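Just one chain follows, in the form predicted alone, and it is written as structure tokens.
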Amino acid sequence: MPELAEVEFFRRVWEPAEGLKVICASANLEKRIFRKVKSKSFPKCLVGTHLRNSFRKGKQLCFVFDESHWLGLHMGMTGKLRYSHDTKEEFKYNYLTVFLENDHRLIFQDPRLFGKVLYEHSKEVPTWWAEMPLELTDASYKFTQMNNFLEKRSRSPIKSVLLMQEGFPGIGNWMADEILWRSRIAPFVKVSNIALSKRKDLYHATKEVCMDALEVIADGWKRPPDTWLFNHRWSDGGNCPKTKKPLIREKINGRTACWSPAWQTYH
């Protein structure tokens, strides 16, 4: 599933279209990704507007047309955004297409239909956007906020808590593993057993991994360096970049975790 940096990459795919006018729009509305769209005029209501702004919070995208048309997109597991300049170019699973001036097209694809489209026509920020939690990269996101969230989930394994979007928006499986590896905490350790000093390590690692992911993956989907856990975690037989000893892959609350027993502690 796309995580914070991958979703930011897709935001930047549509960003060059800002300022262009919508001349037509089509959507396959019977698909379940549109189940939250209540407006009967969607997507035709976008015709005549201009794409003004694009934003990301966690794994959610928001595109604003003429300051009052709010289009929200959640990528799900297989969602992708395309920006095409070729009218002859064909795309599969393009369930939402916004046709722009000069033969440009904005396309939302979702082969497995696990994504979600939201829409609201309002001068005010929609609730589904305004109520999203604070970005982890925001300067106002402090250790106390993270620690308060952890305290309320003291009996849960730390890996499971990192995947809770209400506390760690944008974090998915690989980022959670990377954060725990950098902070040297085993994924199955319960929150209550993590010392305050380790929680501070976790906080700094969370900030660091988010910023590194945005710098590398969001900027052209470049390959992360081999000094990250990222390149070694995907299949059995990988070795820890720090210790060169074998990594372990195991299920924790239904999600696969990859970690290094020689590097990550049990408390």
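So that there is no doubt, residue numbering starts at 1 and follows the sequence shown. Keep in mind that this is a model prediction, so the values were computed, not measured.
Just so it is clear, the following notes concern the form predicted in complex with the DNA, a form of the same protein that is not shown.
Chemist: Select, from the options 167-175, 98-106, 133-141, 180-188, the stretch whose residues sit within 4.5 angstroms of the DNA in the predicted bound form by heavy atom distance.
Modeler: So the stretch in question is 167-175.
Chemist: Even though the DNA is not shown here, does K251 get within 4.5 Å of it in the predicted bound form, heavy atoms only?
Modeler: Although the DNA is absent here, K251 would touch it in the predicted bound form, with heavy atoms inside 4.5 Å.
Chemist: Any of the heavy atoms of K59 lying within 4.5 Å of the DNA in the predicted bound form?
Modeler: It does: once the DNA is placed as it appears in the predicted bound form, K59 has a heavy atom within 4.5 Å of it.
Chemist: In the predicted bound form, is there a heavy atom of the DNA that lies within 4.5 Å of any heavy atom of T256, even though the partner is absent here?
Modeler: Answer yes; at least one heavy atom of T256 falls within 4.5 Å of the DNA in the predicted bound form.
Chemist: Can you tell me if R153 lies within 4.5 angstroms of the DNA in the predicted bound form, counting non-hydrogen atoms only?
Modeler: Residue-level check for R153: yes, a contact with the DNA.
Chemist: Note that the DNA is not shown here; using its position in the predicted bound form, name the residues of 207-221 with a heavy atom within 4.5 Å of it, in sequence order.
Modeler: The stretch does not touch the partner at all.
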